[in-house]
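Before any questions on binding or motion, here is one chain by itself as structure tokens, the form predicted alone.
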């Protein structure tokens, strides 16, 4: 049986480390990205560079995508030199967060060319991508899931969500809504405590030992807010995109999201105030400015 050859399109904060893990596992890997610099970092580790998605698909059996949104995914699939035009690829594994409607469109585009689409968004941030500890949510036919289990295991723990494209996206959006809500409400709680005279580091320790602990108090605040670096590595505008997609899906399903709507507005304001390059953790900086405090560890 011949060796499966893999491709990877999108080598940014998440895609780069994931592609690197495939190289570390000894796989032949063909790559492309709009940024030549990030592509060259992987070429230096043994990857083969290409100038288009179609070229990657002409060289690989299974192609992974890690892209910012559904519009970019559709362009990569059906553009002038898109993946759907490739001669070799028979499976596309989409690790992006694009929402269920975009996943279904991607499935249809590829199905017309006889290419399987695997809906497989991931969660766990850049650190999880580097360490191979991501949660990998997968929706595809059971036989394809079984065939991909070993290679997807390089990225983290797998969760099978069913055969229908888009189901894994629903799971990812629900997860990201919770994550964004944790960041927003932790920002407010921490600003209150510091304004009232509490030590930010002690607050985090107490919360993490009690019932209020969450992903923001355990990871994001100690790393990026208490240090004043604001460098989680995930853009606030992308967090807003994910929450917006979640609310759109909730509306389609008749599920009210009062809290979710407030979180979306907080992310809109963060991007408006801090700019398009604002980090996810800049939500806390906006609340700090409003409250007139700095949530920092004491040196």
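Every value quoted in this text rests on a predicted model; they were computed, and no experiment measured them. Numbering follows the first chain given and starts at 1.
FYI, the form predicted in complex with a small molecule isn't displayed, but the following is about it.
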query: In the predicted bound form, the residue from 86, 217, 187, 96 that sits within 4.5 Å of the small molecule by heavy atoms; finding: 96
query: Heavy atom within 4.5 Å of the small molecule in the predicted bound form - residue from 251, 35, 265, 231; finding: 35
query: Contact check for 11, 126 and 238 against the small molecule in the predicted bound form, heavy atom at 4.5 Å; finding: yes
query: Any non-hydrogen atom of residue 122 within 4.5 angstroms of the small molecule in the predicted bound form; finding: yes
query: Residue 226 within 4.5 Å of the small molecule in the predicted bound form, heavy atoms; finding: no
query: Close approach of residue 243 to the small molecule in the predicted bound form, 4.5 Å, heavy atom; finding: no
query: Non-hydrogen atom contact residue 72 with the small molecule in the predicted bound form at 4.5 angstroms; finding: yes
query: Among 22-30, 254-262, 63-71, 42-50, the region lying within 4.5 Å of the small molecule in the predicted bound form by heavy atom distance; finding: 63-71
